[in-house]
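In structure tokens, the next block holds one chain alone, the form predicted on its own.
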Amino acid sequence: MRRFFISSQAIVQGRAQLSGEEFHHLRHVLRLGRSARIALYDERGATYHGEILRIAPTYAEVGITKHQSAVSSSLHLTLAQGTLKGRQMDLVIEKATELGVYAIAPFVSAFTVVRIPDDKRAERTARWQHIARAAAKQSGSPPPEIRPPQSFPELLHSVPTPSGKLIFSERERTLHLKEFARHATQFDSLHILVGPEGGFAPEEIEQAQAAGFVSVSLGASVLRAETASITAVALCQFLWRDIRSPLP
């Protein structure tokens, strides 16, 4: 069944109006018409099954036949990612969404290769949001919040105090994530930092530790930045994510 993203506000009394880019895809790419059965999902991760009732010039009206609430998790995992070059950053956004992160917070740090001009940040953020929605459509995970790029000090300042905090560093030689997890309690919220292609500067690791982050390692191998990010997200979800019942 074809899946389309829709704002929850566009669903009223068992009827939905699908418009914009998703309507264009439904009507002009897939050429679906009246009576076709489709699935919709919203920004909260809820899924709606329905049937196309009417095709208007700019929208499709869908009758909802079944509603499935999003499945909640006890872990709100935020990936703070040093911005990467083109396709590598797109890949991280896509795979982190599929793995169910709560938010993605890009940042610029000392070894960032590609720096996004201020006047391009909104455009780049919109592109990442589009990628996240497409990945959510495929995986069934709620689309994460994609935050605008910020500086490394701004990022550290923005992390809530009660959150768990990890910074993944190839310079870490003492504490492996597996060892940390043996003594860590269940997190309600966890922020993880993964650096850009060049990793973190020593002073950035010190700044993160001063802000309450624990430096951990993924192992002896030096991973590509995008591989490290996807691996870190997957392991943290495996270690601390507790899948609960559907949201009311």
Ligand code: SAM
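The first residue of the shown sequence is 1; numbering continues from there. Remember, it's a predicted structure, so these values are computed and weren't measured experimentally.
If you look for the form predicted in complex with S-adenosylmethionine, you will not find it shown, but the lines that follow are about it.
The listed set 188, 197, 61, 206 contains one residue whose heavy atoms approach S-adenosylmethionine in the predicted complex to within 4.5 Å, identified as 197. For the options 218, 46, 52, 39, the residue carrying a heavy atom within 4.5 angstroms of S-adenosylmethionine in the predicted complex is 218. Partner contact region in the predicted complex: 169-177, out of 119-127, 87-95, 169-177, 145-153, criterion any non-hydrogen atom within 4.5 Å of S-adenosylmethionine. Although the partner is absent here, residue 239 sits far enough away that none of its heavy atoms falls within 4.5 Å of S-adenosylmethionine in the predicted complex. Mapping the unseen interface onto this chain, residue 29 falls outside it, with no heavy atom inside 4.5 Å of S-adenosylmethionine in the predicted complex.
In the predicted complex, S-adenosylmethionine sits within 4.5 Å of a heavy atom belonging to residue 225.
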